[in-house]
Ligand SMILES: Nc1ncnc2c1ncn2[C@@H]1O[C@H](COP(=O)(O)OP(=O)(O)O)[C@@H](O)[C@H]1O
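Read the single chain below, which is given as C-alpha coordinates and is the form predicted alone.
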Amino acid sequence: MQHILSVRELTKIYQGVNRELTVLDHVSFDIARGEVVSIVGPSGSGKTTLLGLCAGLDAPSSGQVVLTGRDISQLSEDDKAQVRNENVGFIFQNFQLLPTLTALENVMIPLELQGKAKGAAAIAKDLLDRVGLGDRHDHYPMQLSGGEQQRVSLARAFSNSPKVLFADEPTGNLDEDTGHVVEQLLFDLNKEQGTTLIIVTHNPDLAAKTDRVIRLKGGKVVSDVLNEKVAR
(Lines give C-alpha, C1' and ligand atoms only; values in the text may rest on other atoms or scores of the structure.)
Protein backbone atom coordinates (compact mmCIF):
# COMPACT_ATOMS: atom_id res chain seq x y z
CA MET A 1 0.00 0.00 0.00
CA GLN A 2 1.34 3.41 -0.98
CA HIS A 3 1.37 5.98 1.81
CA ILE A 4 0.78 9.61 0.92
CA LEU A 5 1.41 10.73 4.52
CA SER A 6 3.70 9.10 7.08
CA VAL A 7 4.12 10.50 10.58
CA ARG A 8 6.88 9.15 12.82
CA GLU A 9 7.36 9.92 16.53
CA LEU A 10 5.94 13.41 16.01
CA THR A 11 6.33 15.61 19.08
CA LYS A 12 5.42 19.26 19.63
CA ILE A 13 6.46 21.07 22.80
CA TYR A 14 5.71 24.70 23.57
CA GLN A 15 7.92 26.52 26.02
CA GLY A 16 5.87 28.39 28.60
CA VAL A 17 7.05 30.89 31.20
CA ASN A 18 7.47 28.34 33.96
CA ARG A 19 7.07 24.99 32.24
CA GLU A 20 6.99 23.12 28.97
CA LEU A 21 3.68 22.10 27.42
CA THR A 22 3.74 18.89 25.39
CA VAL A 23 0.89 19.15 22.89
CA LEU A 24 1.84 16.08 20.83
CA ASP A 25 3.78 13.16 22.28
CA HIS A 26 5.48 10.71 19.87
CA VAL A 27 2.58 10.36 17.45
CA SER A 28 2.98 7.87 14.58
CA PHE A 29 0.66 6.71 11.79
CA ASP A 30 0.43 6.25 8.00
CA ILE A 31 -2.33 7.34 5.64
CA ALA A 32 -2.75 5.64 2.28
CA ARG A 33 -3.37 7.44 -0.97
CA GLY A 34 -7.12 8.05 -1.38
CA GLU A 35 -8.05 7.34 2.25
CA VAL A 36 -10.64 9.43 4.08
CA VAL A 37 -9.51 9.78 7.69
CA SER A 38 -10.93 11.70 10.64
CA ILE A 39 -8.89 12.86 13.62
CA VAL A 40 -11.00 13.17 16.77
CA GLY A 41 -10.51 13.83 20.47
CA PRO A 42 -11.37 16.28 23.23
CA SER A 43 -10.43 19.95 23.09
CA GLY A 44 -6.74 20.37 23.81
CA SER A 45 -5.82 16.87 22.64
CA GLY A 46 -3.60 18.20 19.85
CA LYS A 47 -5.82 17.68 16.80
CA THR A 48 -5.35 21.05 15.11
CA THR A 49 -1.65 21.12 16.01
CA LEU A 50 -1.25 17.71 14.37
CA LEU A 51 -3.02 18.89 11.23
CA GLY A 52 -0.76 21.93 10.99
CA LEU A 53 2.37 19.81 11.38
CA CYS A 54 1.19 17.30 8.76
CA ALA A 55 0.57 20.17 6.32
CA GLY A 56 3.91 21.83 7.02
CA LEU A 57 2.31 24.93 8.50
CA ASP A 58 4.33 24.45 11.68
CA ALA A 59 7.58 22.69 12.59
CA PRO A 60 7.74 19.76 15.04
CA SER A 61 9.96 19.74 18.10
CA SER A 62 11.06 16.28 16.98
CA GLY A 63 9.88 13.53 14.68
CA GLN A 64 9.24 13.23 10.97
CA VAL A 65 6.46 14.06 8.51
CA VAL A 66 6.72 12.61 5.00
CA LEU A 67 4.09 14.16 2.73
CA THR A 68 3.75 13.02 -0.91
CA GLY A 69 7.17 11.40 -0.64
CA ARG A 70 9.05 14.38 0.82
CA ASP A 71 10.26 14.75 4.39
CA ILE A 72 8.78 18.19 5.01
CA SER A 73 10.17 18.32 8.55
CA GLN A 74 13.59 18.85 6.94
CA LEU A 75 12.58 21.45 4.36
CA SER A 76 12.98 25.22 4.39
CA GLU A 77 9.86 27.36 4.70
CA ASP A 78 10.01 28.18 0.98
CA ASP A 79 10.29 24.52 0.03
CA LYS A 80 7.42 23.57 2.35
CA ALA A 81 5.31 26.29 0.76
CA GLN A 82 6.07 24.82 -2.66
CA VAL A 83 5.03 21.32 -1.51
CA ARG A 84 1.75 22.74 -0.17
CA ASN A 85 1.14 24.76 -3.31
CA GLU A 86 1.61 21.73 -5.54
CA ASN A 87 -0.07 19.04 -3.46
CA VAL A 88 -2.32 20.34 -0.68
CA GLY A 89 -5.76 21.90 -0.23
CA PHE A 90 -7.23 23.40 2.95
CA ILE A 91 -10.68 23.93 4.44
CA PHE A 92 -10.94 25.91 7.68
CA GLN A 93 -13.69 26.26 10.27
CA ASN A 94 -13.77 30.05 9.79
CA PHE A 95 -13.64 29.81 5.98
CA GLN A 96 -10.50 32.02 5.51
CA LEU A 97 -11.82 33.74 2.41
CA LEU A 98 -10.21 37.01 1.35
CA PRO A 99 -12.88 39.67 1.99
CA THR A 100 -11.81 41.98 -0.85
CA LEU A 101 -12.13 39.24 -3.49
CA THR A 102 -15.28 37.83 -5.04
CA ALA A 103 -16.23 34.18 -4.68
CA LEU A 104 -14.82 33.53 -8.14
CA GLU A 105 -11.55 35.31 -7.37
CA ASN A 106 -11.16 33.41 -4.08
CA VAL A 107 -11.53 30.08 -5.86
CA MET A 108 -8.98 31.09 -8.50
CA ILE A 109 -6.22 31.80 -5.93
CA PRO A 110 -4.64 28.30 -5.74
CA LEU A 111 -4.53 28.05 -9.54
CA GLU A 112 -2.91 31.47 -9.86
CA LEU A 113 -0.33 30.52 -7.24
CA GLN A 114 0.51 27.49 -9.37
CA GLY A 115 1.01 29.68 -12.42
CA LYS A 116 -2.19 28.45 -14.02
CA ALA A 117 -3.99 31.76 -14.42
CA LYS A 118 -4.98 30.83 -17.95
CA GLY A 119 -8.16 28.83 -17.64
CA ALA A 120 -8.45 29.48 -13.90
CA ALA A 121 -11.71 31.42 -14.24
CA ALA A 122 -13.38 28.58 -16.16
CA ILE A 123 -12.31 26.01 -13.56
CA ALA A 124 -13.47 28.26 -10.72
CA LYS A 125 -16.84 28.90 -12.36
CA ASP A 126 -17.37 25.17 -12.89
CA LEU A 127 -16.59 24.39 -9.25
CA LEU A 128 -18.84 27.17 -7.93
CA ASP A 129 -21.62 25.79 -10.11
CA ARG A 130 -20.84 22.32 -8.73
CA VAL A 131 -21.34 23.48 -5.14
CA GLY A 132 -24.60 25.27 -5.98
CA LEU A 133 -23.27 28.84 -6.20
CA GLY A 134 -23.75 29.44 -9.90
CA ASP A 135 -25.47 32.76 -9.18
CA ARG A 136 -22.91 33.93 -6.59
CA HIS A 137 -19.72 34.22 -8.68
CA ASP A 138 -19.46 37.98 -8.23
CA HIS A 139 -20.52 38.15 -4.59
CA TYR A 140 -18.05 39.07 -1.85
CA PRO A 141 -17.77 36.96 1.34
CA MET A 142 -19.70 39.49 3.42
CA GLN A 143 -22.62 39.09 0.99
CA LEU A 144 -22.73 35.32 1.56
CA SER A 145 -24.11 33.22 4.41
CA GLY A 146 -21.79 31.02 6.45
CA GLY A 147 -22.84 27.94 4.51
CA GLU A 148 -22.25 29.71 1.21
CA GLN A 149 -18.83 30.89 2.35
CA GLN A 150 -17.86 27.35 3.28
CA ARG A 151 -19.01 26.12 -0.13
CA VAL A 152 -16.74 28.74 -1.72
CA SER A 153 -13.90 27.42 0.43
CA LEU A 154 -14.72 23.87 -0.74
CA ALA A 155 -14.51 24.99 -4.36
CA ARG A 156 -11.22 26.76 -3.64
CA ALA A 157 -9.76 23.73 -1.88
CA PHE A 158 -10.44 21.45 -4.85
CA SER A 159 -9.57 23.97 -7.57
CA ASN A 160 -5.96 22.82 -7.99
CA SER A 161 -6.85 19.11 -7.71
CA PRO A 162 -4.82 18.55 -4.53
CA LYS A 163 -3.37 15.16 -3.67
CA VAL A 164 -4.20 15.75 0.02
CA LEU A 165 -6.92 17.92 1.52
CA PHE A 166 -6.78 18.95 5.18
CA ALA A 167 -10.11 20.03 6.68
CA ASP A 168 -10.13 21.57 10.17
CA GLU A 169 -13.65 21.43 11.65
CA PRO A 170 -15.25 22.04 8.22
CA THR A 171 -18.79 22.12 9.66
CA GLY A 172 -17.92 23.58 13.06
CA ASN A 173 -19.44 27.02 12.38
CA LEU A 174 -22.54 25.77 10.58
CA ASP A 175 -26.00 24.72 11.73
CA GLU A 176 -26.87 21.04 11.45
CA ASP A 177 -28.76 21.15 8.14
CA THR A 178 -26.17 23.37 6.43
CA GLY A 179 -23.40 21.19 7.86
CA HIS A 180 -24.94 18.11 6.25
CA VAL A 181 -25.02 19.87 2.86
CA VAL A 182 -21.36 20.87 3.16
CA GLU A 183 -20.39 17.35 4.31
CA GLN A 184 -22.02 15.75 1.29
CA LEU A 185 -20.41 18.20 -1.12
CA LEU A 186 -17.04 17.56 0.52
CA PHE A 187 -17.36 13.80 0.15
CA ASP A 188 -18.75 14.04 -3.40
CA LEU A 189 -15.93 16.30 -4.63
CA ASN A 190 -13.38 14.16 -2.82
CA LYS A 191 -14.68 11.02 -4.50
CA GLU A 192 -14.71 12.66 -7.92
CA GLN A 193 -11.10 13.82 -7.62
CA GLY A 194 -9.74 10.83 -5.69
CA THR A 195 -8.21 13.10 -3.07
CA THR A 196 -6.80 11.89 0.24
CA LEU A 197 -8.99 13.63 2.84
CA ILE A 198 -7.95 14.23 6.46
CA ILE A 199 -10.61 15.81 8.67
CA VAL A 200 -10.28 17.16 12.21
CA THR A 201 -13.73 17.12 13.78
CA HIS A 202 -15.66 17.11 17.05
CA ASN A 203 -18.69 15.75 15.17
CA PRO A 204 -19.12 11.99 15.74
CA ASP A 205 -21.60 11.71 12.85
CA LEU A 206 -19.05 13.19 10.45
CA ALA A 207 -16.28 10.96 11.80
CA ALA A 208 -18.51 7.92 11.31
CA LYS A 209 -18.64 8.67 7.58
CA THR A 210 -14.86 8.42 7.12
CA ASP A 211 -12.90 5.27 6.31
CA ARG A 212 -10.89 5.46 9.51
CA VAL A 213 -10.84 7.29 12.84
CA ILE A 214 -7.65 8.31 14.66
CA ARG A 215 -8.40 9.35 18.25
CA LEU A 216 -6.09 11.60 20.24
CA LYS A 217 -6.04 12.17 23.98
CA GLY A 218 -3.40 14.11 25.87
CA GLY A 219 -1.30 14.44 22.72
CA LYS A 220 -1.12 10.70 22.11
CA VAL A 221 -2.89 8.36 19.67
CA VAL A 222 -5.16 6.24 21.87
CA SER A 223 -6.96 4.42 19.05
CA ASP A 224 -6.77 4.06 15.28
CA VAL A 225 -9.65 2.05 13.84
CA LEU A 226 -11.33 1.37 10.52
CA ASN A 227 -15.02 2.14 10.18
CA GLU A 228 -16.66 -1.11 9.13
CA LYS A 229 -19.60 0.49 7.36
CA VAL A 230 -19.06 3.89 5.82
CA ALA A 231 -22.15 5.72 4.52
CA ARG A 232 -21.18 8.68 2.37
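All figures in this text were calculated on a predicted structure; none of them were measured in a lab. Numbers follow the displayed sequence, beginning with 1.
Note that the form predicted in complex with this ligand isn't included here; everything after this is about it.
Task: Per-stretch contact check against this ligand in the model of the complex, the hit in 61 to 69, 36 to 44, 191 to 199, 174 to 182 (non-hydrogen atom, 4.5 angstroms) - done: This holds for exactly one stretch, 36 to 44.
Task: Non-hydrogen atom contact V23 with this ligand in the model of the complex at 4.5 angstroms - done: Close contact exists here: in the model of the complex, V23 approaches this ligand to within 4.5 Å, heavy atoms only.
Task: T48: touches this ligand in the model of the complex, heavy atom cutoff 4.5 angstroms - done: Looking in the model of the complex, residue contacts with this ligand include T48, since a heavy atom lies within 4.5 Å.
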